[in-house]
Structures are given as C-alpha cells and as structure tokens.
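This document starts with one chain, in the form predicted on its own, laid out as structure tokens.
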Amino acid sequence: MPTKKKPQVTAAAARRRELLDTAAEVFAEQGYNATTVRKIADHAGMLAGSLYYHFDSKESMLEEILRSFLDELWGGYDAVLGAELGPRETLEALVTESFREIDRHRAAVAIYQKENKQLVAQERFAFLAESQRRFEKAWLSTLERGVAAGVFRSDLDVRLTYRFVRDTVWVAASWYRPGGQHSPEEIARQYLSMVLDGIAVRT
C-alpha cells in the first residue's frame, strides 16, 4: 500500500547514512588506501557482499561522504557570505561555521585533510579542487576587505594569514570529539580571541 512506502524509504536512507558514517570513521582512522570494503563491512556488522547492495564501491562511499560534508559546509558559508556582515564579523562567522562542521562531520574533515592531495588528481574527485578555490577566495576576500576597511592591520600578509587560519582551524578534526567539554561555538570563541588579537588594528 502507498502508505507503507514512505517509512521504508526513510529506513533505507537512515541505514545508508549509518553505513556512510561507519565508513567515514574507518577511512579517517585507517586511511583510504588501507581500507577495504570488507573492513567497512566488518565495522558495520555485516557481510561485504551485503554492503554492495547499498554502494557499488568504496570510491562511491568516499565521494558521497565528502560531497555531503562540502555541501553542508558551503550551505553555511554561503549564508555567512551573503549576510553582508563587516569583515571582522564575517571572519568570526566563517570560523564558527567551520568548527560546527568539524563537530558534525569530524571524520569527513579528517579524511579531507589526509587524502585531499591524492584525491584531487582523480577525475571523480575534481569537485574537491573547485571547493578549494572557492574556499580560498572566500577567506582571502574577507581578509583583504578587512585590511582595506582599516579593521585588520595594514601590514597583514593576507595569504599567509589565510593559510595559518585554514590550517589551525581544520587540524582540530584530529583532536576534537563531539560531545566533549567545549561546544564548537565555545572553541571558536576562544580561537578567535587569540587570532583576532593578532590581526586586528589596536585601538
């Protein structure tokens, strides 16, 4: 009956999400090349053959993991960039959104950090390079706008600052654990208090 279809689809989607979460943790812990479909299936408590019912390869699993993470990341970033905030407020919001994404997708961020250079060379993962370009443009333009507006120091090397902020924010995926003592918003607040004291114009 038609009324039974919706719960079945919802259950299947939930199971798919659960399997992707499991795969992401295995990829993050053991590395993409070292991870086999059998290892993922073992962690999921199922036979490798049963996993192929949901996904045709580990590549398709990784692609979906990374696309889901980046789609959500850019949903948050685009909302910030479209809000017409000042440069300092934009930087604060981008950093906060980044830590929120680490909270939601810690394993995916860890995979991205470890595997990105290897994956971007593959046509299937060309979207990673495009995301990198957008990411760099968003952060550099925010920093440049801050310097031009007199909010950030005039002697600031914006590209060096961008690299520092990028690397110090996203490396948090290696130690952050959801549900810990500090919320992503609290971590962002403390991080920003250290960074902004260094780049903001002193009054």
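Quick caveat: nothing in here was measured; it's all calculated off a predicted structure. Position 1 is the first residue in the sequence shown; the rest follow in order.
What comes next is about the form predicted together with another copy of the chain, which does not appear here.
Under a 4.5 angstroms non-hydrogen atom cutoff, another copy of the chain in the predicted complex has W175 among its neighbouring residues. At a distance threshold of 4.5 angstroms between non-hydrogen atoms, Q122 is out of contact with another copy of the chain in the predicted complex.
Remark: A34 counts among the residues lining another copy of the chain in the predicted complex, judged by a heavy atom distance of 4.5 Å or less. Contact check for S141: no non-hydrogen atom falls within 4.5 Å of another copy of the chain in the predicted complex. The stretch in contact with another copy of the chain in the predicted complex, judged by heavy atoms within 4.5 Å, is 147-155, chosen from 130-138, 41-49, 147-155, 57-65. Site residues R17, T90 and R104 are none of them in contact with another copy of the chain in the predicted complex, judged by any heavy atom within 4.5 Å.
Residues in 124-141 all lack a heavy atom within 4.5 Å of another copy of the chain in the predicted complex.
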